[in-house]
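Coming up is one lone chain in structure tokens, specifically the form predicted alone.
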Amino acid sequence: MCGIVGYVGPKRVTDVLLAGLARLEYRGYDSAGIAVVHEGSIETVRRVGKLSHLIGAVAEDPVEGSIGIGHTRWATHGRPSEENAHPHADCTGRIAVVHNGIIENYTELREELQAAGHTFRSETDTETVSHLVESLYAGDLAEAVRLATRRLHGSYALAVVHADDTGTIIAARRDSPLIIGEGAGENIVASDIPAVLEHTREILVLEDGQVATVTADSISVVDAEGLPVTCERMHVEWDLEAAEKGGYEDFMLKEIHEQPKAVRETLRGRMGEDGTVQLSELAMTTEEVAGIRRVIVIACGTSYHAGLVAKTLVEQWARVPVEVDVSSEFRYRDPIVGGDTLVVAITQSGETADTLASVREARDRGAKVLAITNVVGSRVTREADGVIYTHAGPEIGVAATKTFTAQIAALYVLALKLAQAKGTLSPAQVQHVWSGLMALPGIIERILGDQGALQECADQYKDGCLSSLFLGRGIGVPVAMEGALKLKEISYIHAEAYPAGEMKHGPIALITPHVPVVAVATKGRTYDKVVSNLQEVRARGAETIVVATEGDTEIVKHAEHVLYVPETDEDLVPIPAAVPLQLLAYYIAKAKGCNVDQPRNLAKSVTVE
């Protein structure tokens, strides 16, 4: 969940490390630090809070050198403090380590090392690694790290330097992402691609159990047994400009406005000239697809809400029963999974720890696994049987926006493919749905073109609103859930989402004039029911904000604020209806002075369980 950057080359290392960490701020963190090797010693600078504090400290007392490692920490073991911030040193101060992940057996190792005379200065699991490497070091840092990793239980991405070796970084990983950017006379270790793009777009992806020796001119990799291996290499198609704000005030607003392109690119090339849905990534024959008897979707957070949309679509179009599981619960409930089950794993980063663990559980039980992700070369792409990429481009804002709508677009394609293989939709029905899908980017552009009502609404509710309820029915329920998540994530206003019909079963007790109700009331089978629910909450003093279909003039009788979206088929509503709720959360958060790109306590990629 944290950020790692390591650099070896001719440039001033602090400039590279701090710039790289700045591009990883979106991952979430509470402290930051760097360790620089120079003239036979290691100089470490660590600060609690924003990266700007570390940058200021380095500017005040410059650190020289051309090799070093840096880290932004999101606390797991030990409170946020300068002592617990990375990098962590061994007893001698000649070894420095940065680490993402969780060392599950750190208590056992710590007690063993303390008994052997090692002195610990922090509360973290990471410091155990530095002392363990120290205990195993006999002049070969790479070998010491490799031997240390054999004793570590849990997940890790490591970058290690030694004062005696002024030209080498050792990198290792298991169940936590780590890449190496290959440059000309320089190489960069990082936990995510944006940190290296200023220097190179050529990437080497480390696999679990591998240990890399990185110098300015070479990269050599061995496996857990110490045998040389060849790693996968990839070329990053997007550049640094794509990861910058491009004139927008925030990454989140930029990414909201990139949704037409994200949806368009995800759908591109998915319909053949013969009217068949193109989805070769399933890695299944048409007969195998037709033989699927059950679908299980596993995901977390925003991706889970996209999965709930898929449940409605697949069951309605393909007539296949669908379960949607939170990834962190799936493998603990002894799931019933077999060879006729398709498990769909949705993860924006492709590195979500709970989802990856569930993928392994599903495959062990004989299921076919299809991953939907936004990151080429991510862990899930190597563990699943097939992959559908969302072509949303880099998403830097912690709160998912364009990847949510792109995920839904990919799930529409999957649902159509299943329906076509099973013959549950006619060719004419498939073409009708496809025409509606292709119109969605233009519909989103129309919504983005008029945000006056949203800003006016946000100004009214920025103060005095401590809680809110989001309501929907049918396919509008996951849209309401996503709207509530966005509001609480970035504005820190408590928000709960419910199927509107459940209001009378408890939540209506929360209604007061200070608890606004946000409802998805677009045209469809359940429209009249939602209107009835709006009348119930307004009768109890609630003010209502309603997402409605353009041309619906009656809805103004039941709402203080109406956020209109262009008309589309009821089944396609989730994508356009999500956009005004994203913007509502954005403008309320901005009006409250919140940092929308880096909300407190959150990280972009949850790479620990």
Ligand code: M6R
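Residue indices: 1-based, along the sequence shown. All of these numbers come straight from a predicted model, not from anything done at the bench.
Another form exists, predicted together with this ligand; not displayed. Remarks below refer to it.
Specify the contacting stretch among 486 to 494, 502 to 510, 161 to 169, 124 to 132, defined as having any heavy atom within 4.5 Å of this ligand in the model of the complex.
-> Only one stretch passes the 4.5 Å heavy-atom test: 486 to 494.
Quick one: of Q420, T213, S303, Q210, which gets a non-hydrogen atom within 4.5 angstroms of this ligand in the model of the complex?
-> When this ligand is considered in the model of the complex, the option within 4.5 Å is S303.
Between the options V387, V398, A458, L253, which residue brings a heavy atom to within 4.5 Å of this ligand in the model of the complex?
-> Filtering the options by heavy-atom distance leaves V398.
Residue contact check: T352 to this ligand in the model of the complex, 4.5 Å heavy atom = Yes.
Examine N533 and determine whether its closest non-hydrogen atom to this ligand in the model of the complex is within 4.5 angstroms.
-> Residue-level check for N533: no, no contact with this ligand.
Do Q348 and this ligand come within 4.5 Å of each other in the model of the complex, heavy atoms counted?
-> Flag for Q348 set to yes.
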